[in-house]
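Quick heads-up: it's one chain on its own, the form predicted on its own, in structure tokens.
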């Protein structure tokens, strides 16, 4: 009697694809009909809404602008530490230190979002009781907590992109008299840039869709366009969460589905871009290996 394991293994990816397809079809049926300028800007002229000349109360533009500011600030806070840690792991760290740092990154990557949100909220409570009595949740706090969540993605992608480069690059550069600092900054990082960029885009996708962190650290409903780093803000994930719990009629619920579809499309676009950059980087690396074998 043949084992059913091969059939189960074939069924597993089909089940995954079917679930994703059902989810996408459901969102398209419920949210595609709401896609229009009014979904983003309500009854406000688009240019006036974009430049903040008139507030938008019935559209998603403030949430989109808040999400954009959030992910850009998160990337600003996480990029240099993540890249630096990746370079250290790939080029400087001993096996023991690399194993310890890798374990720390794995623990940080496995931290639930709600725990990170509670950490940010507790930090504000601590600051109020000690140094800063006026401290409050804000865009900066949300971005700081999210940067801790996406840091392992940037570290691992930077490290793997550098480690995957041919050893001949380093040997040739050192033979030409270059210092290790010059080799890293002028040769290795430019050659690994596409792999690093793919990790950054995946980190942006993670930051754009997270809800648990921002709902405890600064996101609110009807805050308008982001006014500053220390102010409240709106974001698409929180707008979806708020609409799902507080909608008053079917029209508001339909806008919630439209917001969910918009966020899903944004995440898919970022992931596909990262996949494209990764494939291009792999082809480039295979070209390097082929050239090295030819020599």
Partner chain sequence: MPKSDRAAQKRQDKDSEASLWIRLATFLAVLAVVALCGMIVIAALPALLASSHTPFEWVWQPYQGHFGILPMCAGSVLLALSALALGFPWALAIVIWHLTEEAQALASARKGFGIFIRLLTTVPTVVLSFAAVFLLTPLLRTAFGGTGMCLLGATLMLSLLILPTMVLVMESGLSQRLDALCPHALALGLSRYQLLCHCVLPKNRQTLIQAAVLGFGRACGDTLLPLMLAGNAPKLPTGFTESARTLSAHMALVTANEVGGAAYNSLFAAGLCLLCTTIAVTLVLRRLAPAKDQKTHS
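These figures come from a predicted structure and were not determined experimentally. Residue numbers count along the first chain shown, from 1.
The next section is about a form of this same protein that is not shown, the form predicted together with its partner chain.
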Q. With the partner removed from view, which of 67 to 75, 147 to 155, 133 to 141, 219 to 227 is the stretch that lies within 4.5 Å of its partner chain in the predicted bound form, judged by heavy atom distances?
A. 147 to 155
Q) Three residues, 212, 268 and 275; all within 4.5 Å of its partner chain in the predicted bound form via heavy atoms? A) yes
Q | Contact assignment for its partner chain in the predicted bound form, among 44, 39, 264, 50, heavy atom within 4.5 Å | A | 264
Q: Find out whether any non-hydrogen atom of residue 260 is located within 4.5 angstroms of its partner chain in the predicted bound form, and reply yes or no.
A: yes
Q. Does the 4.5 Å heavy atom contact test between residue 85 and its partner chain in the predicted bound form come out positive?
A. yes
Q) Does the 4.5 Å heavy atom contact test between residue 164 and its partner chain in the predicted bound form come out positive? A) no
**Q.** Residue contact check: residue 247 to its partner chain in the predicted bound form, 4.5 Å heavy atom
**A.** yes
Q: Within 4.5 Å of its partner chain in the predicted bound form, which residues of 89 to 112 have a heavy atom? Give them in sequence order, or say none.
A: 91, 92, 99, 100, 101, 102, 103, 104, 105, 106, 107, 108, 110, 111, 112
